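Single chain ahead, written as structure tokens, the form predicted on its own.
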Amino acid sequence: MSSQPLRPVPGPDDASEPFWEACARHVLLLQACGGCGTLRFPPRPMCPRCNSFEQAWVPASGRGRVWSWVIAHPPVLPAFADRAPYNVIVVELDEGVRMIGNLLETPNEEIAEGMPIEVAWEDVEDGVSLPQWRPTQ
């Protein structure tokens, strides 16, 4: 048995389950309102724009730009202690929604606003993959 603290993993609910199932297949989907077409993230039962409960899932490009970031010193949770200092970025996808993740393959001091990035998958346990980010190749 490992003494390493366990990394928290997503706990899907009814609204987010299709998103996390797609992530496990390394597919990035966005929830779209079935009433007005507004894309939204995180997934939720009702559209904040038109209040419709209708929804559809559409593929996302997986491309975007760094909108903002922070560097965590020290880690908030013990499970991230071996990663500190680590970045947490806000990504603005080409589709206009914003997501949060880590920028991989990049020293923290090289992160810049507007940096073009693309999705990279981190498999954290069987059946659970997180969308992370790396510079566009």
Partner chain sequence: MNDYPRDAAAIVGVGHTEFSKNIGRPERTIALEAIKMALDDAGLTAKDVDGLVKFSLENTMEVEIVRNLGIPNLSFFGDVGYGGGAGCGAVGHAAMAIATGVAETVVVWRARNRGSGGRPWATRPTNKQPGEMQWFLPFGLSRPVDQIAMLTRRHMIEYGTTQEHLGHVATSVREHATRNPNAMMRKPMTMDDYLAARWVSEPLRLFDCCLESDGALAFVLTTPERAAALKQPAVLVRAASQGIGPDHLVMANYFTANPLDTPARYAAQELWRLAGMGPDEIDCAQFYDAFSPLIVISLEEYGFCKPGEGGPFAAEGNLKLGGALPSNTSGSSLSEAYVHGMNLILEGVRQLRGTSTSQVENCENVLVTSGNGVPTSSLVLRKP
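Because the structure is a prediction, the values reported are computed rather than measured. Positions refer to the first chain, counted from 1.
Quick note: we don't show the form predicted in complex with the partner chain, though the next part is all about it.
- Among 36, 88, 27, 56, the residue placing a heavy atom within 4.5 Å of the partner chain in the predicted bound form is 88.
- Among heavy atoms of residue 74, some come within 4.5 Å of the partner chain in the predicted bound form.
- A residue is said to contact a partner when one of its heavy atoms sits within 4.5 Å of a partner heavy atom; residue 118 fails this definition for the partner chain in the predicted bound form, lying far away.
- When the partner chain is considered in the predicted bound form, residue 134 lies well away from it, no heavy atom lying within 4.5 Å.
- Proximity of residue 100 to the partner chain in the predicted bound form: non-hydrogen atoms within 4.5 Å are present.
- Counting a residue when any of its non-hydrogen atoms is within 4.5 Å of the partner chain in the predicted bound form, the hits in 16 to 46 run 16, 19, 20, 41, 42, 43, 44.
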